[in-house]
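Form predicted alone, single chain, as structure tokens, below.
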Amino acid sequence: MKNLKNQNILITGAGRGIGRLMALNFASHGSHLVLLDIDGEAIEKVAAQVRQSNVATWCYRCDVSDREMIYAVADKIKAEVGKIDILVNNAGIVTGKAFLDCTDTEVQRTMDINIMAHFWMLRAFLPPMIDTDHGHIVSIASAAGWVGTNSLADYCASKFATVGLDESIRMELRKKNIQGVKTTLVCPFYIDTGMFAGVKTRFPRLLPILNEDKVARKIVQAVKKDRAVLKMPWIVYTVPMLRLLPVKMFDWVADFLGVSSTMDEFVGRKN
């Protein structure tokens, strides 16, 4: 498996949720952490925890919806830290409203944070990985990147785009015979981070609300094993096969599994 010791790992959205937990998990493997979040105070608290593992840690406040801020912070990171070995595009938001209830601003911000930030981070940090034929790109997508869901039109669109971006980058690297730069696409069902507070699942054994600690550990293990795709739970792997069904039957399956009603009691994170 990949040795993570002394690897420079950049995580966006590192101030809370699985971003924070991934940082702690990577630190336990001796990785150096570069933490980005719009909440500077939050990442300083995470950094204090990470440093207990005696690993080098840098914090940068960054609004990843702002392309120019991303590029400015990237220049600082290159000057102060050096090359990034593993880039984890994790930052994300959810509006949780029916499509026509979302404002233009909410839709734009969802797309800017959930997908456009991936483009700008890749443009900033992928070239040095290609130059050295060494690196790893981790894209945190969602099971909502495979199935459209009620009250998640903007979110699903951003996650479908993340799935396509990851696959295209992987194909480009293969075409260029860049064998040392790996990619991992992560597609979990709802996670109990608070981001999706209030969501329900009809069949908890089949489609459980995922534990954030377990998700973070599985992502780190997937990186160590150079896994191209990680879906959680296992039933998410069956979605491409279900799409062979006629549309009406596919929609019926989604309704039966309760996918279409998971957001009915959504309240989301309050702060």
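Values in this document were obtained by computation on a predicted structure and should not be read as measured data. Residue numbers run from 1 along the displayed sequence.
Just so you know, the form predicted in complex with a small molecule exists too; it's not on screen, but the next bit is about it.
J.: Note which of Asp226, Asp63, Glu44, Asp213 lies within 4.5 Å of the small molecule in the model of the complex, where distance is taken over heavy atoms; exactly one does.
T.: Contact residue from the list: Asp63.
J.: Can you pick out, from Met129, Val138, Ala141, Met121, the residue that has a heavy atom within 4.5 Å of the small molecule in the model of the complex?
T.: It is Ala141.
J.: According to a 4.5 angstroms non-hydrogen atom cut-off, is Arg269 in contact with the small molecule in the model of the complex?
T.: Output for Arg269 is yes: heavy atoms within 4.5 Å of the small molecule.
J.: So, Leu87 and the small molecule: in the model of the complex, are they within 4.5 Å at any heavy atom pair?
T.: Residue-level check for Leu87: no, no contact with the small molecule.
J.: So in the model of the complex, does Ile18 come within 4.5 Å of the small molecule, heavy atom to heavy atom?
T.: Answer yes; at least one heavy atom of Ile18 falls within 4.5 Å of the small molecule in the model of the complex.
J.: Although the small molecule is absent from this view, report whether Trp146 comes within 4.5 Å of it in the model of the complex, heavy atoms only.
T.: Looking in the model of the complex, residue contacts with the small molecule do not include Trp146, since no heavy atom lies within 4.5 Å.
J.: Just one stretch in 200 to 208, 234 to 242, 36 to 44, 23 to 31 has heavy atoms within 4.5 Å of the small molecule in the model of the complex, so which one is it?
T.: It is 36 to 44 that comes within 4.5 Å of the partner.
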